[in-house]
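Here we start with a single chain on its own, the form predicted alone, put down as structure tokens.
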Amino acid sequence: MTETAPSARQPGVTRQRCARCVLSAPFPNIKFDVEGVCNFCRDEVGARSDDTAIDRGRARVMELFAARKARGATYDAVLCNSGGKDSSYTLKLAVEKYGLTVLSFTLDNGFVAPAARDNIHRIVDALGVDHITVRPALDVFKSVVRAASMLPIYGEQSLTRISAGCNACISLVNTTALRLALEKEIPFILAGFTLGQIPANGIVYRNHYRFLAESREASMSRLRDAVGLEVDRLYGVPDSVIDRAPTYPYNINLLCLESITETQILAEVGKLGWKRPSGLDGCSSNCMLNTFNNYVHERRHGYSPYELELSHLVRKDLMTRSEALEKLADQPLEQLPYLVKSLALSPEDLATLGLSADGQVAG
């Protein structure tokens, strides 16, 4: 199936897209059959594998949560709370469905929408949850985003699920959550990811920082070269914290275990006072920077970083294909001038990204 769709990379471009999901021709390793359906949609083995992973994840979560009382920690879990609909619903699940005592944590990257901040306050107050906000040195963080946007910092495989800018931010969120969990001896770290955003083996896993540090050393080395040694302060956990921790926490993505549509999620968090922010792109309900990250990803790779996630939801009948296409098309590019000015992109960077001196999409 060939269709014309809005593109931040090439406005008005005609591209081939799967007739069943929303993966497009530039997506790595994609193939289309004579009916225009992609090989990912035809992968019945992969679909069964996901179902098996979900069943296994449910059993493991119940086992872990049943044993939590013996740990005697002040908190059962630290939850990464972006203020978006998914993390808000995950917090509701943790408290109301699983009965966990949660420490809600937000990383303030300087681009959290004001309405999302309000949502964070409404949700934690409604659920009676303690909350803390961590704000990194924004000059360093913005330097990391610039480097991730302009240079090959992260491996191509990781970027099939997430933009480079979001990768930089989520990595910081995960590291900060781990530091909090180790310092406070909290056994679980919760986040609101779906199986479209993470692989099936990421539903439940034991966090081991030193292994994590080794696995990402290549990208960290490139960040040090581009930004400086300050990145180690942001993305590192001190040995003193690691050495005194009795054990490593488990990372758990509760939303992967739920068969629920976005409409249903919005209805549930709406009961707690959550309100959809305006002015954000169709794939974000909390971060203003997402529009820039999406633009850069499509410019560099030719497809949206949300295609894989949305396609998974379409295959699971949790979203219609037309709804997914609407989300992909909803990109408020008029916000780019403000965002590139805030990031202090150089004239050379702007030209590379196809942007004019004032941050407008050129041509």
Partner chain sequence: MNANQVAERSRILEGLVTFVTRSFMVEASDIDMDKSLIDQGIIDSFGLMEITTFIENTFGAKIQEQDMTREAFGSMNKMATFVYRRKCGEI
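These numbers were taken from a predicted model, which means no experiment stands behind them. Numbering follows the first chain given and starts at 1.
Another form, the form predicted together with its partner chain, is not on view; read the next lines as being about it.
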*Among the candidate residues 208, 184, 97, 121, which is the single one with a non-hydrogen atom no more than 4.5 Å from its partner chain in the predicted bound form?*
208
*Pick from 74, 221, 215, 263: which has a non-hydrogen atom within 4.5 Å of its partner chain in the predicted bound form?*
215
_Would all three of 291, 332 and 361 be in contact with its partner chain in the predicted bound form, where contact means some heavy atom lies within 4.5 Å?_
no
*residue 248: heavy atom within 4.5 Å of its partner chain in the predicted bound form?*
yes
_4.5 Å heavy atom contact, residue 198 to its partner chain in the predicted bound form_ = yes
_4.5 angstroms heavy atom contact with its partner chain in the predicted bound form for residue 202_ = yes
*residue 46: touches its partner chain in the predicted bound form, heavy atom cutoff 4.5 angstroms*: yes
*Heavy atoms within 4.5 Å of its partner chain in the predicted bound form: which of the stretches 309-317, 29-37, 294-302, 334-342 has them?*
29-37
*For the heavy atom contacts within 4.5 Å of its partner chain in the predicted bound form, list the residues of 146-167 involved, in sequence order.*
157, 158, 160, 161
